[in-house]
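Take a look at this single chain in structure tokens; it is the form predicted alone.
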């Protein structure tokens, strides 16, 4: 197997899924975000977005905190240090593969 094909095999499958890749990319660029912003930017419905966020949270890539803005519930999300490292490694492997 050549080097580029091996690099493709090394891609983090949790991040590589298109919906989660969008989320990781958006969260990598900011310190944190709220659920509604991510929903608006990705065009995902609430259920799909929640599912992807749960998968990223269980992988230890994002941190989810629930709070209120006045009386309105608000879900805040941010990449963990492990999530930032995993995304940087994913990007490096993808560049090497291409």
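Here the structure is a predicted model, which means the values were calculated and not measured. Positions refer to the first chain, counted from 1.
We do not show the form predicted together with the DNA, though everything after this point is about it.
Taking the DNA as it sits in the predicted complex, is residue 45 near enough to touch it, meaning that at least one heavy atom pair lies within 4.5 angstroms?
Yes, contact at 4.5 Å.
Are any of the heavy atoms in residue 80 no more than 4.5 Å from a heavy atom of the DNA in the predicted complex?
Flag for residue 80 set to no.
Using a 4.5 Å heavy atom cut-off, state whether residue 89 contacts the DNA in the predicted complex.
Residue 89: no contact with the DNA in the predicted complex.
Would you classify residue 12 as touching the DNA in the predicted complex, given a 4.5 Å non-hydrogen atom cut-off?
No, residue 12 is distant from the partner.
Going by the DNA in the predicted complex, which residues of 33-65 come within 4.5 Å of it through any heavy atom?
35, 36, 45, 46, 47, 48, 50, 52, 55, in sequence order.
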